[in-house]
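Same chain, two versions here, written out as structure tokens and called structure 1 and structure 2.
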Structure 1
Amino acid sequence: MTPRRRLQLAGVTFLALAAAAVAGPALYGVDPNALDFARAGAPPGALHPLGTDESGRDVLARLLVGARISLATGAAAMLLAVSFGTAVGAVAGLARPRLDAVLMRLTDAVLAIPTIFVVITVITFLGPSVTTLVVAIGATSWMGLARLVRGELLALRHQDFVEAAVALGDPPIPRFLRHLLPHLWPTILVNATLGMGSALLTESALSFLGLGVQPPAASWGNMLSGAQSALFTAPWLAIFPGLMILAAVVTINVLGDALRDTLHPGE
């Protein structure tokens, strides 16, 4: 399958997931937190298409709301990481050698620390919440992009069009935004797409461990956590959120790979 075809298929699938997250809860119209103990653990059927959980809450309604939280958390964390990583990489790539060395040693130091332990430590001190998740994941995901941006700028800053801008007296920030940033967009876009899948998986893992989104709010990770006690008696409680996590991460990764092959052919 050609990169363009993969890009189209992955893009359509991702847009479908995003549309389900944005409009699904309103269109379905079922309260995801409504308790119905008389129907607790009901299998998929006409009244509840994907069944109910141990408290009688509709699984489909919670999946749709969970999609909104999980996708939004991954996207927000990547936006934070991309913004910070691009800024650090730009300063390192355009600054004097001493500042460049300091920033890259700082980046190497952060890379050497296991990310999951840093995220868990931050959440332990600040308390579990969606905002804390976004900050913790974003603050530990910028290093790879910073190094990529720096490397590209080191190759670009001696090009003729950059030298001409310097000779004309363009200040550093306008020069970066006008002449250099357009060349970095493919790298930034691919890195952000692939990073979103990793951020979504991290959020799901932390919510599964009880360190992410807290009940009664729904996310795919804490739905999996709640399904542990009924894994054999009500397997659909684990199957459906697990499939959603798998579908979302695979779709985002395929989208990122297709973007890379399309924007950087031959690499």
Structure 2
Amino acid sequence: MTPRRRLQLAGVTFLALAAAAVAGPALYGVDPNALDFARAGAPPGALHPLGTDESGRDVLARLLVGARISLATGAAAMLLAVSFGTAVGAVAGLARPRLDAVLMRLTDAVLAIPTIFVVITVITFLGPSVTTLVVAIGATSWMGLARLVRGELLALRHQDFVEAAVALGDPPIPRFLRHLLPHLWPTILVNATLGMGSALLTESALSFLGLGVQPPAASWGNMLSGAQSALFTAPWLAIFPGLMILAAVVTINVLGDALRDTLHPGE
């Protein structure tokens, strides 16, 4: 498959996921929170296409509502992390050594706090709302990109074309945008795609610790986490949210790869 073809395919899949998240609940029309103990743990069938969970709630309805929360959380956290990370990395990589040192020490400091404790305490402090999750995940996942961007800029700035641009007297910001940013795109894109995927995964890991999106609201993460106890008896409870996470993360990653190959056909 050509990169363009893969880009189209992944783009269409991603749009389909997003559309399911936006329009799915209304189209499907089943209440994702309605309890029905008489039909708890029903396998997939005519009445419930993907079965019901341990409280008799419809799994498909919860998956669709969960798609909204999970994708929105992942995308928002990723955007936050990527924009902040790129900005910090770019300033550090291009600025004078003193500012660079300050920014890198800041990055080190945030990196040095064990993320999981920060996230746990921040979430327990502010309550596990979607906004808190986005901020907590975003604020603890920008450092990697910042260091990568800075590292690449340091490597690039002795390349001849950069030295040439400096010699020609280009001011820093246009110089960054015109000559350097294009070289950073692969890193940023790979990081952004991985970042969105890992934000989805972080939410599910937090659900495992009881700190993700809180029941009764549905997210793929808390559905997956809640399904652990029924692995032997009701595997569909685990399989469907697991597949959704897998599908979403894979799609986003393929999208990133394809974008990169399309933007940099020579590599």
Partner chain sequence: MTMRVPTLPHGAWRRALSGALALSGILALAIVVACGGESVPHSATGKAGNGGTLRIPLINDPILDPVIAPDIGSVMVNKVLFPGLVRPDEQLRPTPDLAESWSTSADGLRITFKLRPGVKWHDGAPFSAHDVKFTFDQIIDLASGSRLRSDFAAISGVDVDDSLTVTFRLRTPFAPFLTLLGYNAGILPKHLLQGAPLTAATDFNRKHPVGTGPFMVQTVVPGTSLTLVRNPYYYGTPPRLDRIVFKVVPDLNAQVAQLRAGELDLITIEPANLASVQGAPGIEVLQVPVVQHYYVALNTTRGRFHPAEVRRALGMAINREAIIKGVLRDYADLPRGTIPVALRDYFADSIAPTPYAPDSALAMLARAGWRRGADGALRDAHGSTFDIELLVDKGNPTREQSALAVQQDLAKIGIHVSIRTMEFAALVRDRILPGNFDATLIWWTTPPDPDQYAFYHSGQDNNNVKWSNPRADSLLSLGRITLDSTQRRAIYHAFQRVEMEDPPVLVLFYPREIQAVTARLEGFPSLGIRDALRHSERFALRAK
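This is a predicted model, so every value here is computed, not measured. We call the rigid core whatever largest set of C-alpha positions still superposes within 1.5 Å between the two forms. Numbering runs along the sequence of structure 1, starting at 1.
message = Between the two structures, is it 1 or 2 that corresponds to the form predicted in complex with the partner chain?
response = Structure 2 is the matching one, since it is the form predicted in complex with the partner chain.
task = For residue 104, state whether the C-alpha moves by 2 Å or more between structures 1 and 2 after rigid core superposition.
result = Yes, shifts by 2 Å or more.
message = Superposing on the rigid core, I want to see if residue 181 changes position between structures 1 and 2 - specifically a Cα shift of 2 Å or more.
response = Yes: residue 181 shifts by at least 2 Å between structures 1 and 2.
request  = Would you tell me if residue 72 moves between structures 1 and 2 by 2 Å or more at its C-alpha, with the rigid core held superposed?
outcome  = Superposed on the core, residue 72 moves its C-alpha less than 2 Å between structures 1 and 2.
inquiry  = Once the core is aligned, what is the C-alpha displacement of residue 156 between structures 1 and 2? Give it in Å to one decimal.
reply    = Value for residue 156 between structures 1 and 2: 10.9 Å of C-alpha shift.
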